[in-house]
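A lone chain, given as structure tokens: the form predicted on its own.
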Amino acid sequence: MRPHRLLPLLLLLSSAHAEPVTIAVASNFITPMAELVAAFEEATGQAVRVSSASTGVLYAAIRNGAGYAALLAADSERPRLLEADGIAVPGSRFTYAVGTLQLWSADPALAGKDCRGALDDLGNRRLAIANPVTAPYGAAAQAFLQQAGLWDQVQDRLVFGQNIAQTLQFVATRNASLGLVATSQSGSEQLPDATCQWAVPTSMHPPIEQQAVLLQPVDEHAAAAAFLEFIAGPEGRAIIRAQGYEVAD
């Protein structure tokens, strides 16, 4: 998809009272999605409904016939599979954001401490990560822990979130002392102050390349196509970048 196609797609949105279009979005992206939807609705009058869960859960729902018009995944693998299997529109897949991981804590006992050092010596503390099977950020967290030589060591201390949003909730409410969360989440004003944090080097896990794709059938999906064009355009990229993601120019 290319931003220069946005105008003809917007011309297909003939009414400000058109039926809402439903977009599936990975849970890590729910905050920027709200801002993107607001800007798109203001510009076009087209309502957008959002359904959020882990990418694995959304992928399974789509394969089972869920009526989403597009998917904003937290990885590139599921959109690629949907396209390969004819469930997504060929050529509509693109990378809209690249995520990063952060080790984060709100535990007062870790105030001023070395977060990375605390991970080496968890003791009785709990470490929260997203489910590696269904959540790409969880898979990245597992890959990091394995490369750091800590995976076997932390097995008994892990708390698994169903998605990256629940993982952050575990750490924010101190049900886990530490968590491997999306960097973009950690700047939320709704969170308690971090007592320690550490940026996980991107060299220590596979890239978290987040891709979007338009889903079949396409006959009533002009609004979804226009929304994907919007997030790929200058205004959409600026919103995504401001929320802590890496975005290709």
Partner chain sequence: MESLLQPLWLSVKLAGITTLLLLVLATPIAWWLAQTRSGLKPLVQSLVALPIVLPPTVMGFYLLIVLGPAGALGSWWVELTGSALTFSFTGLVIASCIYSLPFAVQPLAVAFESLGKQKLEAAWTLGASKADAFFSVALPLSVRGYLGAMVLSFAHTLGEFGVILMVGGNIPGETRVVSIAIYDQVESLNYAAAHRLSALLLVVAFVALFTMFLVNRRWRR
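Residue numbers count along the first chain shown, from 1. Think of the rigid core as the biggest set of C-alphas that the two forms share within 1.5 Å after superposition. Just so you know, these numbers come straight off a predicted model, no measurement behind them.
Another form, the form predicted in complex with the partner chain, is not on view; read the next lines as being about it.
- When contacts are defined as a non-hydrogen atom within 4.5 Å, all of 56, 134 and 169 contact the partner chain in the predicted complex.
- Put simply, residue 158 is close to the partner chain in the predicted complex: some heavy atom of it is within 4.5 Å.
- Heavy atoms of residue 173 reach within 4.5 Å of the partner chain in the predicted complex, making it an interface residue.
- The partner chain is not drawn, but in the predicted complex it has a heavy atom within 4.5 Å of residue 81.
- Residue contact with the partner chain in the predicted complex: residue 92 places no heavy atom within 4.5 Å of it.
- Proximity to the partner chain in the predicted complex, taken as a non-hydrogen atom within 4.5 angstroms, holds for one residue of 162, 76, 142, 100, which is 162.
- This chain is displayed alone, yet in the predicted complex one of 38, 204, 60, 199 has a heavy atom within 4.5 Å of the partner chain; that residue is 60.
- This chain is displayed without the partner chain, yet in the predicted complex the stretch 123 to 131 from 123 to 131, 110 to 118, 143 to 151, 92 to 100 comes within 4.5 Å of it by heavy atoms.
- Relative to the superposed core, residue 182 shifts its CA atom by less than 2 Å between the shown form and the other one.
- In a rigid-core overlay of the protein, residue 211 has its C-alpha displaced by under 2 Å between the shown form and the other one.
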